[in-house]
Every structure is written in structure tokens, then in C-alpha cells.
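Here you get one chain, nothing else, as C-alpha cells; it is the form predicted on its own.
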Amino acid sequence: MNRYFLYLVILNMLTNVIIFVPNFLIQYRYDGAIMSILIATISGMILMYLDSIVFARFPGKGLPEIIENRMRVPFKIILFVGFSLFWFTAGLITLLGYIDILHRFINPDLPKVWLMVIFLAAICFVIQLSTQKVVYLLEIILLLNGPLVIFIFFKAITSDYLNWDSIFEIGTHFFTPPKLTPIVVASYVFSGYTNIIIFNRLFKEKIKSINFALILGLSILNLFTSFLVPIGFHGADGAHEYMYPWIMTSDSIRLVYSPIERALFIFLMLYISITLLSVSVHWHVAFELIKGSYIKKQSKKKNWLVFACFIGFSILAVLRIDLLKPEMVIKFWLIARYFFEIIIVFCFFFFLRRRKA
């Protein structure tokens, strides 16, 4: 079961390649992005390790089962609803970003709200499944799509159009002091570990060290390739002109012997299932946390009410997102998410210390 923990982190890594991580990092390419990536890697691995230690003390239990008889009902409801809003927002931001990508590059004539409705139909089907079935689906999707995504990354790195001089130019800013924004953005790559709050139900033993070693290597590779490859294709000064750098990078890749020559369409089709699954995992956690607030009085009516709230807020968000400044909203949410993760991990850690005492 340890491999499922690895899958949760890898899913989050793959999803954030095309949404907003490369965009924010490229904006700070001259202002400490490289040092920020290294700091984010260290902090992300520390938080991940501490969180795994906490939940390893409760094998086979998610947060609802852990605190079922350790907290009064009003406080438990507030805690679960607050946590579920965090996970719901994480999935919603990812979903809105990918819908915007499909609207821009695939079908500009189809209203975003219809794309949202199509995606919600699939997502609502997945999130009501058992946690075991969700990870089975996660494993299938990653095993099917993972090799193709790796192939596209390989084609990008070995492409004749990749200018290594632009990448080396960014390397000359290695010692530039880091900034807060690129640190919190880069650290979001590791945030898949937070889903252990529910998926710990499947983990019967302590997570092995080999998982952390693999995550460390993959995270460094993921961050530097998603950050530097678009710069290599579009130049150190030109890469920041694009809202979705990796989408334009994939459009620069040609698959000469493939039935579809432009890698863009293959890249987007692969990421439909990856994005849908990423949102489904986040919303499954949110759904299970809300269910935890009425765990002794389960009812289908309450479950359908939760689905209705998810759907209603999602449609409202896609209708109103153009009136806001999405980039600023995402930036502030990422900063809030970073400190929220630090707080909850250390709260869980000290809760465990107190319980042992």
C-alpha cells in the first residue's frame, strides 16, 4: 500500500506542470527562483515526513476516525468543514485552470460553463466511490498515462529547438536571494502528501524510506524541468510572455512519425484524465471530511446536499472568474495554503506528542 502514497504525490506533481507552477516560477527567474526551489524542496520534504510520522501512529484510520471520540461535536464540525473548504478550493482552482486551457486551445466557441458541467458529471461520480476504489483508479490512470507524459518530457529535453544557453543564463542567478512567492508555489508540488488525511485508511504500515527518496528525486526533476524547459524553448526573456508556458512548449514539439504531429493535442488529451483525477482526489477528501461531521448519522440526503454545494459553487466560480484577477487569487491562495499546511502538520505533530505523554 506504500505505493499509493507515492501515487498521490506524483499526481499532484504532474497536475501542476501545466496549470500555474511554471508560470509563477518563470516570473521570478531572475529573482531567486532557483534558490526558492531548493528551499521549497527542503520544507516540503520536512512537512511530508512529519505528517507521515503522525498518521503512521494511526494505521488504517483517517482523520474522522482518529478524532471521532476525542473532540466535542461542535468543534469537530467546525474543524471538518474548514478542512473540507481547503481541499475543495484546491480542486476547484485546478479545475478552473484546466477549463480555461481547453477553452483557449481546443474549443473557444464552447462556453466554459458547459465544460464545467461535463467535468462535474465525471468528478461527482468518482468522489462518491470508496477510498479504495479511488486509489485503484488513480493507479490505472498513472500507469496508462505516465509513460506517455514521460515520453513528451523526453522529446522536449532532447529537442533541437531547446536552447541550453538560455538555461545556463538562468543558472548564473543561482545565488540570488529567494522570494516568498516562488517558495510557496514550488512547495505546492509536494502537497499531494496532505491527502493522507483520508487515504491513511489504506496504509496499514509505516511509509518506507524508499518512497521519500523517490519523491525527493522526482520532485527536483519535476520542478527544474517544468521551470527550465520552457525557458530553453522560448528564451529567458520570452518565456514569461505566456500564461501557460508548458502548453506553448508542447506545441513546439513535433512527433514526426506519429499520426498526430503536434504534441500539443496529445499533451492536452493526456492531461484531461490526470486533471480530472487530481480534482476528484481533492474533492473525495473534502467529501469524506464533511461526512465525518455527521459520521454517526449518515444519510443520502446529506450526501446529495454536499454534491449540490460542490456543483453550485463550481458553476458560480466559472461564471464569475473572468470578473476577478485569477492570477492574484491563485497567488494569495497559494501563500495561505503554504502556511495552513505548516500549521496543521505541526498541530497534528504536537497532538501526537500530547497523546503519547
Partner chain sequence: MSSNKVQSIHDSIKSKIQKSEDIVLKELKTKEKNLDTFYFKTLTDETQLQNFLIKPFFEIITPDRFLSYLQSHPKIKPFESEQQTLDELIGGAVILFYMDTIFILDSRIDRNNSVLDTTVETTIQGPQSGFSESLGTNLGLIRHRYPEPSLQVDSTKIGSISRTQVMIVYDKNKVDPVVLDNVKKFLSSIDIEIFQSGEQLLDFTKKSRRTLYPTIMVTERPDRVAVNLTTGKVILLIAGSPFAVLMPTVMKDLMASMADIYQTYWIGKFLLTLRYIGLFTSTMLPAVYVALTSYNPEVFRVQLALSVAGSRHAVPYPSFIEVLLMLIMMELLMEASIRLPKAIGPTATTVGGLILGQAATDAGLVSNIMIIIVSLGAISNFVIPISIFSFAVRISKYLLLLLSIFYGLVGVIIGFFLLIAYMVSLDSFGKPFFTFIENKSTN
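Since we're looking at a predicted model, the values are computed, not measured. Positions refer to the first chain, counted from 1.
Omitted here: the form predicted in complex with its partner chain. The next part is about that form.
Quiz item: Could you tell me if I210 has a non-hydrogen atom within 4.5 Å of its partner chain in the predicted bound form?
Solution: Taking the distances in the predicted bound form, the answer for I210 is no, it never comes within 4.5 Å of its partner chain.
Quiz item: Can V229 be called a contact residue for its partner chain in the predicted bound form at 4.5 Å between heavy atoms?
Solution: V229 lies outside the contact set for its partner chain.
Quiz item: Heavy atom to heavy atom, is K155 within 4.5 Å of its partner chain in the predicted bound form?
Solution: Although its partner chain is absent here, K155 would stay clear of it in the predicted bound form, with no heavy atoms inside 4.5 Å.
Practice problem: Evaluate F125 for contact with its partner chain in the predicted bound form, applying a 4.5 angstroms cut-off between non-hydrogen atoms, and reply yes or no. | Solution: The answer is yes: F125 has a heavy atom within 4.5 Å of its partner chain.
Exercise. Just one of 217 to 225, 137 to 145, 198 to 206, 283 to 291 has residues with a heavy atom within 4.5 Å of its partner chain in the predicted bound form, so point it out.
Key: The contacting stretch here is 137 to 145.
Practice problem: Indicate whether the candidate residues L102, L115 and K133 are all in contact with its partner chain in the predicted bound form, with contact defined as any heavy atom within 4.5 Å. | Solution: All three within 4.5 Å in the predicted bound form.
Quiz item: With its partner chain left out of view, which of F168, F151, F265, Y161 would have a heavy atom within 4.5 Å of it in the predicted bound form?
Solution: Contact with its partner chain in the predicted bound form is made by F265 alone.
Quiz prompt | its partner chain: the contacting residue among S273, T176, T89, S252 in the predicted bound form [heavy atom, 4.5 Å] | solution = For this set of options, the contacting one is S273.
Exercise. Any residue of 235 to 274 with a heavy atom within 4.5 Å of its partner chain in the predicted bound form counts; write them all down in order.
Key: Contacting residues: L255, V256, Y257, S258, P259, I260, E261, R262, F265, M269, I272, S273.
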